[in-house]
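Just one chain follows, in the form predicted alone, and it is written as structure tokens.
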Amino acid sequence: MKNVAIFASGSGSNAENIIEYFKNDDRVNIAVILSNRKDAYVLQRAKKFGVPTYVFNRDAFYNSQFVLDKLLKYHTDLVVLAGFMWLVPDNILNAFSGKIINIHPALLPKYGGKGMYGMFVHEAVKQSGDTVTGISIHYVNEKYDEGAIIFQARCKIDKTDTPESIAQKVHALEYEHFPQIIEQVLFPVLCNGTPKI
């Protein structure tokens, strides 16, 4: 069985969607949810499913082994960032090289980097006049949104769209694709020697 750890900072709708997707899959265990906010609603969602949770502050994340120890305790095979806003420190990047993925609510490399998250992204997309946006699922490295892209999905932007309606379209893509891509990362289907994603 593969153990997945989810990091989240906010409401946790993506985390709940992932838990729901795998709840009857005996190959995958959502082992633990970690958050940097003690008031994050994701902690309530996790409780509903009986998933253990831990909360940490900036000092514990960057200046101790606390979070890494929790990932090792649960024999983590894949770390999933689902609305998590902090850069991952070197001790975790090194321990889980190639095993940390993130979802970003735009078509990277556009609209990525520090400060580009949530509605800030959708507002920037709207202001740009772009006719297409989407999601990017990518590996995590030491810089915001610069890891290798695993998968992208697109949706059209209409002239009548607002940042809020763009967000709804993007969330729909996240819910549709993120669990499936997690599954494919955990269990690659080989095609000509390369993962078919």
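Each residue number is its position in the shown sequence, starting from 1. Note that the coordinates shown come from a computational prediction; the quantities given were computed from them, not determined experimentally.
FYI, the form predicted together with a small molecule isn't displayed, but the following is about it.
Against the small molecule in the predicted bound form, the set 98, 141 and 147 makes no contact: no member has a heavy atom within 4.5 Å. Remark: of stretches 102-110, 71-79, 89-97, 123-131, the one touching the small molecule in the predicted bound form is 102-110 (heavy atom within 4.5 Å). Interface residue remark: residue 179 is not counted as part of the site for the small molecule in the predicted bound form, having no heavy atom within 4.5 Å.
Contact check for residue 174: a heavy atom falls within 4.5 Å of the small molecule in the predicted bound form. Remark: residue 13 counts among the residues lining the small molecule in the predicted bound form, judged by a heavy atom distance of 4.5 Å or less.
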